[in-house]
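What follows is a pair of forms of the same protein chain, given separately as structure tokens and numbered structure 1 and structure 2.
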Structure 1
């Protein structure tokens, strides 16, 4: 069994947690413990292949991506680089960990192919529709008003990856969240700039984009990896949401800027999300009896001053002529077709009536379920 597919429960955390590893992504990824990362976000070089400068109609130069880190000799060199960093990320991810990759039409199709070749299983492609895209100044093509994200799980056999469906549904006013996200590009005070007023990084992503990604696919305490850290948007959002991060950045100036930026972030005090705990494992009422939270012979009270039922050794209850599960008997005494026995039946305590659901929650926490 390969390093990646082996179960990694209790695996060591990545080195230098909540810090930035300065150096080449391919070498730095080798320093991260296998199977120690919960979710990764990658904003790799786009390989724009720009040959000429681009000017606006007023002849001012467009500040595009022309840095050395975005230049490759040819597509073959770019593909080789892509497969290498994808392999490093997949090694670092837990078997049920997921990866988000963002790109433009210049590179996202090549990256998607490489992801499938490296063993990732694609869950969604998400379109980031920009509310304020850069115009197409030459007027020779449509305005590029979106970028594409690919979300994939590291191991195709795993279905236990984190997806906070209920949380995203609540975020979207109780409607299923769609795969088209309408968000502005990074502007205003969020855009980091140097002393000369020039933007510090040409492709700084908006925090709202990373906020949605981490709300959807991670939990508080999770480790988030970003192998192309830039000015630290991933780390800033991770810190605010109570997640850990590992950033990798080859440019020391960007790394220093990211560290200063993240140091100013104050984490949210309340990190609870609807459904962020995942689907809890089922606990039968009999387990509460077995664990001594409710004893055979104890009386349960239906609602407030409602009918009473006696608990039996096998986890069944009896109320008058009715016997069976807490749900079946609850429905019978109320003359209903169904009943949630966990919320209907109560135990008497010094503080008053306590729903069985409270006892179940306490036991679930104790058993870490």
Structure 2
């Protein structure tokens, strides 16, 4: 993480790591060093606009969200609030940092519009499909069985945001991970409750959701910001996964609860994910020739019964009239615009055809690159 400073947009202030800042999101965001955050997760007020109490068919009252923090005069007020905190988060993020926001149909369209207007570049929307949503008691609509997440990078021109593609592919049994995530809501032991057994926070998110978000879009040691910290699910998961967190929460009681909760978390010992070693150093084909893994004059084969090529002293190859790099010649003989020569060309061994890529991997291991 030594390159954090190089990525900052402005002056660096002392980082407020692994703490909960008590205060409203807007002013607290101003205390965070610009360009210091790798990933942000925000679970803002949903602006639910509930009017009357809702009762189940058995006449018990549904304990909905009716807190003061979820009341806005109108859409314009909600938009203004949204744009303000989005701007603050964007300032705190590194240019290649990403933001996740979760919401429902009550607010997510306004949030998404504001994100685009503020300059965020959307990478995906993700739907959290709930295995156990609350039913629709009145039977007047579809069961609201999902919530929407928006994932966006702070600066549209940056393509070097963190996305642990291989890790998520391994997670998903070797199929690339999709935008629909099936997860249960937060219940049972995981749900924080007061001494009276009543849920401590009305909208506590499941740790599994944050777990997947941070596995996908952050690295160990990264700084994770949550401007609506609540009871600290983001901090708990960040700590368990070896990431730093910065939480902002206006309710001191929630902040206190979150701190205690996070203190109990035992971080995982092994934080390795697939491909966590970082990008291996590039090994040019010439190095294989130089190291004697392939000798000048050796013949390469383009797959079973494919075209053949001859290795030359400088690591170029020739096949018929074509000469050049393994990639260029591979593309030429197949009449394609490009080609990965490492996987296309093979050498003949006793055991059969061996791709150059295998020889490269062996050399890389021996040279510890």
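This structure is a prediction, so every number in the text was calculated from the model and none was measured. C-alpha atoms forming the largest set that superposes within 1.5 Å between two forms make up the rigid core. Residue numbers count along the first chain shown, from 1.
Chemist: Where is the form predicted alone shown, in structure 1 or in structure 2?
Modeler: If we ask which form is the one predicted alone, the answer is structure 1.
Chemist: Verify the C-alpha shift of residue 30 between structures 1 and 2: is it 2 Å or more after superposing the core?
Modeler: Where the cores coincide, residue 30 shows only a C-alpha shift between structures 1 and 2 that is less than 2 Å.
Chemist: Once the core is aligned, please say if the CA of residue 293 is shifted by at least 2 angstroms between structures 1 and 2.
Modeler: Comparing forms between structures 1 and 2, the residue 293 CA shifts at least 2 Å.
Chemist: Please state whether residue 39 has a C-alpha shift of 2 Å or more between structures 1 and 2, with the rigid core used for the fit.
Modeler: It does not, since the residue 39 C-alpha is displaced less than 2 Å between structures 1 and 2 after the core fit.
Chemist: Once both forms share the same rigid core frame, by what distance in Å has the CA of residue 346 shifted between structures 1 and 2?
Modeler: Superposing on the rigid core gives a C-alpha shift of 18.8 Å for residue 346.
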